[in-house]
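The chain below stands alone and is given in structure tokens; this is the form predicted alone.
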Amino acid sequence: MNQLPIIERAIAHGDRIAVRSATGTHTFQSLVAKSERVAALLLGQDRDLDEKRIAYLVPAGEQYIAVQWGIWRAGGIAIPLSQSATEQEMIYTLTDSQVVAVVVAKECADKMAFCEDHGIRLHQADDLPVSSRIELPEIDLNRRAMILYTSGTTNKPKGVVTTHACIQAQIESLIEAWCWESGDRIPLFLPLHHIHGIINVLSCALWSGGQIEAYPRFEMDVILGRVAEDAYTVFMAVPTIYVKMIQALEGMERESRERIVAGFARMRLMISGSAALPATIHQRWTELTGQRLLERYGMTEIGMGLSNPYEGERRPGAVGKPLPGVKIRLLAESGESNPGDGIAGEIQVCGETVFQEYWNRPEATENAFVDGWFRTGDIAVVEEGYFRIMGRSSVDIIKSGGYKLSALEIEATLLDHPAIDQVAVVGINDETWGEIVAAAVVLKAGEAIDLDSLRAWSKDRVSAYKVPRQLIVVDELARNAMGKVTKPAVKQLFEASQESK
């Protein structure tokens, strides 16, 4: 039987250790066997799921991999769910993608108790058939494989659909660019409903025969201890984590710091992504560890598109050059393609690594492309051959702690607050988080609100990283002639309040 390439490679890696986690060590061979049992569970009496959508809520580790592979091997489309999502956010994802079943780990089962009310089957990831002796379907690489939900400039997240061929192209591009090898070892603590964790860490490591050490979250003390023990050869994180590690290292006793720093120094590759890395943090990390972080650029719709080189200059503040197999152009406002050094344009991407469509949104899909090029909405310039990101073409995207947040989505939630008449959400620069969510509100007559009460109200309605961290009650100065709050004026208000501190 023909297997998906990722399964073929896992079979070839045999009894090598693929994953270390709190449950022990797990080989590639055991992951393949367990994924077959997951596929058998999902198929039941069917021969092929025929691209039915299967969501899953499973912590990082061997069980996550087996479930993901099992969905694919049964012919389903995998939809990973966020561990931090609220019930309302999960219901939106499941109903929008028309999920027929959810696979859930035992420790997460309480979060998915609502599935029965929505007619969605719930499977326990721990309750698999003893035998998997069934015939699995052959999966064409052009079939849909995964849907990741991303916040764009609409008020609801869109499902980004990738095929098996697209995922393979994304993996192979990074394997080549970052010189992945079978001896690599990497910690996995990034969220596994985002492309950074799923493709850059998990899939690249497994494809190459490397080893993952899985954590449910970033556990600073444990991970730094493992760094001191030379547990890892590759390390990937978002800028926020590098900021926190710098703070931790600077606060340590000299002997402890030196052991950890030596462990970082011996790694072959350290990468930062998902948000802009401040040049000061880039420089400080090099001063502490001797490592020059490799910064790259990507998004859910394209995988990774640009990267500083593995060999050569890693330029602070720049995201490098196009990755293997990725075609990129800048389109200037004048309509000129690749206008030359120093002239800004929108990054547009085409090639096998680009997603297929937005799920059930043909109009949004059509609007996202021009002449076959995907319009990222990110503005950049080329300087001596290196791309530098200048910002979003939309003010409605906030990048905070590695997450891409929709300001419009947060605004729609905050407008449900009984005291709020108008709201404008913006991102405010923050060295630790990149940007933080800030809300400016106009109150209804006779109402009052403060930040603590707004945060308490918000935390049950949106994920923690979408809860406002700053609040301003807007007066007439921030409204336009129509009496509406304008985001440029709101930005100025927050910036002025920061400068006055």
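Numbering starts at 1 and runs along the sequence shown. These figures come from a predicted structure and were not determined experimentally.
Same protein, other form: the form predicted in complex with a small molecule, not shown, and the subject of what follows.
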Review point. Can you say which of 349 to 357, 295 to 303, 330 to 338, 119 to 127 gets within 4.5 Å of the small molecule in the predicted bound form, counting heavy atoms only?
Key: 295 to 303
Review point. Is the small molecule close enough to S35, H164 and W207 in the predicted bound form that each of the three has a heavy atom within 4.5 Å of it?
Key: no
Check your understanding: Any chance K106 has a heavy atom within 4.5 Å of the small molecule in the predicted bound form?
Key -> no
Practice item. Check whether K399 has any heavy atom within 4.5 Å of a heavy atom of the small molecule in the predicted bound form, and answer yes or no. Key: yes
Review point. With the cut-off set at 4.5 Å between non-hydrogen atoms, does R469 touch the small molecule in the predicted bound form?
Key: yes
Point to revise | 4.5 angstroms heavy atom contact with the small molecule in the predicted bound form for S274 | key: yes
Practice item. With the small molecule left out of view, choose which of F264, Y386, Y403, W178 has a non-hydrogen atom within 4.5 angstroms of it in the predicted bound form. Key: Y403
Review point. Just one of I199, M112, M146, V238 has a heavy atom within 4.5 angstroms of the small molecule in the predicted bound form, so which one?
Key: V238
